[in-house]
Structures are given as C-alpha cells and as structure tokens.
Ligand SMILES: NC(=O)c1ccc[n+]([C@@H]2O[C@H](COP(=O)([O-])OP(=O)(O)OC[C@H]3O[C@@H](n4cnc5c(N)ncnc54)[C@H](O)[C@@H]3O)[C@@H](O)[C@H]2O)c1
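This document starts with one chain, in the form predicted on its own, laid out as structure tokens.
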C-alpha cells in the first residue's frame, strides 16, 4: 500500500519510510526540508513543500490516488525554541495540521497515524506512566502535540476519520542498515553527550545521584528508533484492528521497563569497551526523577514490543555518528 509520510525526510520519519519499504509498502514523502535531509529522500517518491499547501496536497493525490493513510511526523520539535517563539510552533504544528487533516478528509484519506510525544504527560509524579494518566503539557512544544491529538479525536467524531496517536518516550539509535539516523546537534540529551565525551569533545557530568530510584540516578525510557518505525509499519497495516472499538487510539511507545542514567552509562561503556570519566554533580534546575511507560496497549492492539536492546541502539548510534560526520 502507499502511505503519505509528512516529515519523511527527518530522523524518525525517514526511518519509518525504511520500515514501510521493508514490509512491502511505498512511502510518499511530503517534507519542506526546513529540518529534514534531502539525502533521506533518495530513490523515494518525494514532494518538497509545506503540509498546508493544499494545491500540492491535491497534486500528490492526483498522482497517487491509491494512498490509503497518512503518517504525520512533520513538526518543529525544539522545546526551548518553542518557549522563545510559541507563535511559530502553534502555527506550524497546530494550525497547519488542522488544514492538512481537513484536506485529507475531503480527499477521502481518513486514516491518520500521528507522532505525538510523552512530553504531554508533563512532570508526572508516577514512575510508571499509562495512557490513562492525566495530560499536563508544560511547554508550547508539548502543548502543540496535545492540541493535535484533540484535533484528531474530534475529526474522528465529526468526519469519520480514524486516528492512532503514538506517544513516544526517548528515541535513540539509527536504522540498523545505516540508511538514516540522527543529524541534529542535541547537546542536552544523554546519548549525544556520552558520544561527544567519548570522542574527547566534551566533559560529561552525571547530574543528580540522589533521586528515589534503584540507584539514585534518574529513570528514563529509551527505545530504538527502528522499533518505533516498525510500530508505525504495523499500525498502518492494522487500522481495522486497532480502531475496532474506538476511532481514536492513543498508544505509548517505550521500553516497558525504563533504565536509570547510571545503567545507561554502563551499557555505553560495555559497547565502547572502556570506562568513562564521569563527574557526579547536583541536579540541574528542572530535572526530575523521570518515568517509563507500560506498553500493554501497544502489545494488545498492535502485537508490538521492542526487539532491540539499548546496547544495540548505542552501537547503531555510534556507527551512524562516524558515517555521518565522515561525510560532512
């Protein structure tokens, strides 16, 4: 089947395209390339443009009338940037999504698969999160994800659409076949910080060692990007099953167990084969103990569970880092 993938030239979107292709499907990419990479569209059907360009969307469906569903990944995603410029985030992520989805409904393509975020749960006091927990987005970026979910829920009632919303936790790794991978600088995230430290490009500080967790460091929920991509490929094949009881379904995607920062560091050291020089310090302002998600709903509705380990994600990320930086 053909699947429209907005943001299909980005890190996660391009990996989803690879998973779709590996399962015999054809992705049709719509991406403005504001943040996406043109090389990730190579040998794929690609349209450069804005998701709210209705003439372009019409053209895509005129040329590919057999598109059966849409994977909507296109979004601005930098939290501090969203705080500094909320107008742009609400316009790009929410207003344009509203326009796109209405056009898709008019074209009869009413199955939506949306890349949401676990950030909409906010600073939860629970360490184990489920889809029924209260939503409390605490940044404009997180709020845009929440608002898009509301739009899709209401469209499912008013226009007969069906929507599967994936709330991602922490996505790491690269396509194991090295077709795509991360390309943005992310100096605040754990794995990029560890890679830079291991390459001799920065100091690593373990911030916070007295949290109420099993070893005192924060708990995070990491899942390999390929497992995330495969969840999308399964979902586009199983809309009838997933939405059998309700046209709108929100599903958490994570590890199901979580890992502490200290455990993640040990996994990293196991992959690189040596110990790291880690400095332990106090938590940063805004740091929290963290959380992980139960994945019962993903297992029950999709038959999905993560298949790749954290060490696999670390190894793939390191390999991709060397490939990507050697080509700069």
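Residue numbers count along the first chain shown, from 1. From a predicted model like this one, the values you see are computed outputs, not experimental measurements.
The discussion below concerns the form predicted in complex with the named molecule, not included here.
- [ ] Given that the partner is absent here, state which listed stretch (137 to 145, 105 to 113, 190 to 198, 152 to 160) has heavy atoms within 4.5 Å of the named molecule in the model of the complex.
- [x] It is 137 to 145 that comes within 4.5 Å of the partner.
- [ ] Quick one: from 219, 164, 73, 230, grab the residue that has a heavy atom within 4.5 Å of the named molecule in the model of the complex.
- [x] None of the others qualify; the residue that does is 73.
Task: Answer option from 77, 213, 255, 124, heavy atom within 4.5 Å of the named molecule in the model of the complex - done: Checked against the cut-off, the match is 77.
Open item on the list: Taking the named molecule as it sits in the model of the complex, is residue 283 near enough to touch it, meaning that at least one heavy atom pair lies within 4.5 angstroms?
Closed with: Judged by the heavy-atom cut-off of 4.5 Å, residue 283 is well away from the named molecule in the model of the complex.
Task: the named molecule contact in the model of the complex: residue 183, any heavy atom under 4.5 Å - done: So residue 183 counts as contacting the named molecule.
- [ ] Report yes if any heavy atom of residue 92 sits within 4.5 Å of a heavy atom of the named molecule in the model of the complex; otherwise report no.
- [x] It does: once the named molecule is placed as it appears in the model of the complex, residue 92 has a heavy atom within 4.5 Å of it.
- [ ] Using a 4.5 Å heavy atom cut-off, state whether residue 238 contacts the named molecule in the model of the complex.
- [x] Contact with the named molecule, no.
- [ ] Indicate whether the candidate residues 205, 259 and 293 are all in contact with the named molecule in the model of the complex, with contact defined as any heavy atom within 4.5 Å.
- [x] Not a single residue of the candidate spot has a heavy atom within 4.5 Å of the named molecule in the model of the complex.
- [ ] Between 1 to 25 and the named molecule in the model of the complex, list the residues on our side with a heavy atom within 4.5 Å.
- [x] The stretch 1 to 25, when checked against the named molecule in the model of the complex, contributes 7, 9, 10, 11, 12, 13 at the 4.5 Å heavy-atom cut-off.
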